[in-house]
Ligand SMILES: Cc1cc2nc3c(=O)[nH]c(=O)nc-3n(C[C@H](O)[C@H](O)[C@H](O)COP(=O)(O)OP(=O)(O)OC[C@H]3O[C@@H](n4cnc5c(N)ncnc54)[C@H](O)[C@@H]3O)c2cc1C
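Here you get one chain, nothing else, as structure tokens; it is the form predicted alone.
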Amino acid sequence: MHDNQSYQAIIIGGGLAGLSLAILLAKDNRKVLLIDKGEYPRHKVCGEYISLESWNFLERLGIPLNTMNLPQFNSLRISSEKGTELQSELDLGGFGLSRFVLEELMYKRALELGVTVLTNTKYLNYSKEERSFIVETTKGTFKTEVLCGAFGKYAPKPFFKKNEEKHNWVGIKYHITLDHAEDEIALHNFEGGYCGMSKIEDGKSCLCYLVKQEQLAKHNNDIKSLEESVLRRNPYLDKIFSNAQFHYNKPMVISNVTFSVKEPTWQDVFYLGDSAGTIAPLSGNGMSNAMRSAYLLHKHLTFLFKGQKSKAETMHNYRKDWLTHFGGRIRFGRFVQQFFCKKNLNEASIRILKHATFIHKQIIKKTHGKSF
């Protein structure tokens, strides 16, 4: 047990956002506790495309990307259910790396730098004192000056929780082996959802799709039935499911996914990654966004720990910075998502954008930020 230990920062959640922040703070010689209910290495449901905006950031953290011979992408293919396709160059591009590998590398890096990491540890509750927080877990009670929520989409009590949206989504992910373009990320649409595919390490590819909960319910929540009856109407997806070698007996699944607008700060707690706000995948780069949010928060916490800004000023400045970088992208993503989830709008949108080069290139630009 570790009762009554004090830390300068406690981070609840050890995904990409939490690990990034922990590493950054540890590099500043801050005493950091990272708490996660799971263990490493692990798979998570997400598209494993990472925008090149994050490359330099990860290298600075100590992740040796330059030695890993990772696939890099410079083109995008989008298809409708009927097979109408749009191809475009990516102005920035990205690279492929699985969460399984990346989180393990970051976890080991955090340990090297002296972060205290408690895995298989359930967060129970927190309470607030005058200038600190008391955090209760299944492995003890801890005290901290700064509490950060990086737990992902699902907020435990008493962290900020947005009222759930009417429409929920289900995320489904496979790792596959398939002969397809090394430099391309593909997005194939179907009725009620969309499926992304891109290369990752070791010659494998990530195949990950989101589908409306109500669409899956029409098939008695049978994923195979959904894939046979709905996804494979798209000729590109039919070819993938016919020819790919699947690496699991069953897919990884996450349910009750929403794209609600949340809060980057609330009641003196800092939020980052999906805990602060989930960006719709069509304009997402979720892995890069998680890391960027840690980068932004670390910048403001540096002023706090040096005594150059008060807690109130730090929260105000981080909130403003977060909204500048992500607020517009969340609104844009939710808007664009509507056109790719309705059957008739999807087909029409792709036909129009196919011939409107300037417009679709502007849309692509809005899906990522500058290198950080």
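Numbers for residues come from their place in the sequence shown, where the first is 1. Predicted model only: the values in this text are computed from it and were never measured.
One more form of this protein should be noted, the form predicted in complex with the ligand, which is absent from this view; the next part is about it.
Peer 1: Would F151 show up as a contact with the ligand in the predicted bound form if we use heavy atoms at 4.5 Å?
Peer 2: Yes, F151 is a contact residue.
Peer 1: Using heavy atoms and a 4.5 Å limit, would one call T121 a contact residue for the ligand in the predicted bound form?
Peer 2: T121 belongs to the contact set for the ligand.
Peer 1: Using 4.5 Å between non-hydrogen atoms, is K44 touching the ligand in the predicted bound form?
Peer 2: Yes, K44 lies within 4.5 Å of the ligand in the predicted bound form.
Peer 1: Contact between I10 and the ligand in the predicted bound form at 4.5 Å, heavy atoms?
Peer 2: Taking the distances in the predicted bound form, the answer for I10 is no, it never comes within 4.5 Å of the ligand.
Peer 1: Decide yes or no: are E53, G328 and G369 jointly within 4.5 Å of the ligand in the predicted bound form, with each residue judged by its heavy atoms?
Peer 2: Checked in the predicted bound form: no contact with the ligand for any of the three.
Peer 1: Identify which of H316, K37, K27, R60 has a heavy atom within 4.5 Å of the ligand in the predicted bound form; exactly one of them does.
Peer 2: Filtering the options by heavy-atom distance leaves K37.
Peer 1: Of the options P235, P156, G114, G140, which one has a non-hydrogen atom that comes within 4.5 Å of the ligand in the predicted bound form?
Peer 2: Among P235, P156, G114, G140, a heavy atom within 4.5 Å of the ligand in the predicted bound form occurs only for P156.
Peer 1: Would you mind picking out the stretch of 78 to 86, 122 to 130, 176 to 184, 215 to 223 that comes within 4.5 angstroms of the ligand in the predicted bound form, counting non-hydrogen atoms?
Peer 2: Stretch 122 to 130 is the one.
Peer 1: Between 95 to 118 and the ligand in the predicted bound form, list the residues on our side with a heavy atom within 4.5 Å.
Peer 2: Residues within 4.5 Å: R99, E103.
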